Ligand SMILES: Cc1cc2nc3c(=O)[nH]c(=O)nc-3n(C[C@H](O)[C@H](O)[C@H](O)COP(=O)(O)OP(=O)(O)OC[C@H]3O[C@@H](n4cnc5c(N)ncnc54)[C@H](O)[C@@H]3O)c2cc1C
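Have a look below at one chain only, the form predicted on its own, in structure tokens format.
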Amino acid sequence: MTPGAGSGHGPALYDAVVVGGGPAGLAAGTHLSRAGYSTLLLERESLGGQALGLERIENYPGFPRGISGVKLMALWLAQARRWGLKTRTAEAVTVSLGADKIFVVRLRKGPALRARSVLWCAGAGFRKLGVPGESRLLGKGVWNTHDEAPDCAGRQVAVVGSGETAVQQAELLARKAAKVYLISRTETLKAHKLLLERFSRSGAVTLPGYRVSRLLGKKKLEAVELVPVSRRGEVKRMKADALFTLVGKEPGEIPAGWLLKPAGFYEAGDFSAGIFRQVAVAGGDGIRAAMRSIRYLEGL
């Protein structure tokens, strides 16, 4: 185990650098710090990641009435700090491995970091629709989740997607918005029974068999153009004050030049979880990656 402070002849050498401060990264960093390994966690935005946007997490064990993402991540962060996990607001731009088996993590701002192991918990980003007007109207009526957007009370909004996240978002928005439309390419919504029951009672309206073809508006979103997936039927133009795009997530590329991931480098959380993206899954995956890192460090 190394203290994380350099010997005076170069930058600090950490046992582990964790990239990403969402559930996976926090869990991994906490486990490593508790085990006595010098660990630095990097997060470019807010510690807690996308979990901060979850109004209520009902399937996380130990909270019978559920808990908000903000409160749960605050508990995780308090636990991490209790065990001495160091955190830094920074963005990793490249990772490389030297002949001395030391990883070098270069940052967008600030000096590079050196570590014996790296845990990549950078999460996954929301997919874009890829339609005209989307890039121009991002943040001007086009969002991913309700917590990013201004209050939608009394407004007409649309959600794009057919999975659990989209169904849950539409039900949540329907509590305040004047009207909510759920635009789905498929006839069937892919959500479990409880979410579907809540959605059916919410007053939100489903528009199955349509895809978004264009977003309209100059300084802000004004309308959404829809075309039938089957190419039969009329093109619809629907007024919308806000549009939430939830058509899946995808991880970014690991900014490294190697073809095969070397020993000492581990992935965890939404970055590697495929379709199983839950806070509990990410946390457990982060701990598993930390345990693998510890086994590797013990063998050095």
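When you see a residue number, it is the position in the sequence shown, counting from 1. All figures in this text were calculated on a predicted structure; none of them were measured in a lab.
Beyond the structure shown, there is the form predicted in complex with the ligand, which is absent from this document and is the topic of what follows.
Check: Taking heavy atoms and a 4.5 Å cut-off, does Glu91 contact the ligand in the model of the complex?
Finding: Yes, Glu91 lies within 4.5 Å of the ligand in the model of the complex.
Notebook entry, point to check: in the model of the complex, does Gln50 have a heavy atom within 4.5 Å of the ligand?
Noted result: Flag for Gln50 set to yes.
Notebook entry, point to check: Does Arg288 reach the ligand in the model of the complex, with heavy atoms at most 4.5 Å apart?
Noted result: Because no heavy atom of Arg288 falls inside 4.5 Å of the ligand in the model of the complex, the answer is no.
Margin query: in the model of the complex, does Val70 come within 4.5 Å of the ligand, counting heavy atoms only?
Written below: No - in the model of the complex, heavy atoms of Val70 and the ligand never come within 4.5 Å of each other.
Notebook entry, point to check: Looking at 113-121, 180-188, 200-208, 220-228, which one sits within 4.5 Å of the ligand in the model of the complex if you count heavy atoms only?
Noted result: Result of the contact check: 113-121.
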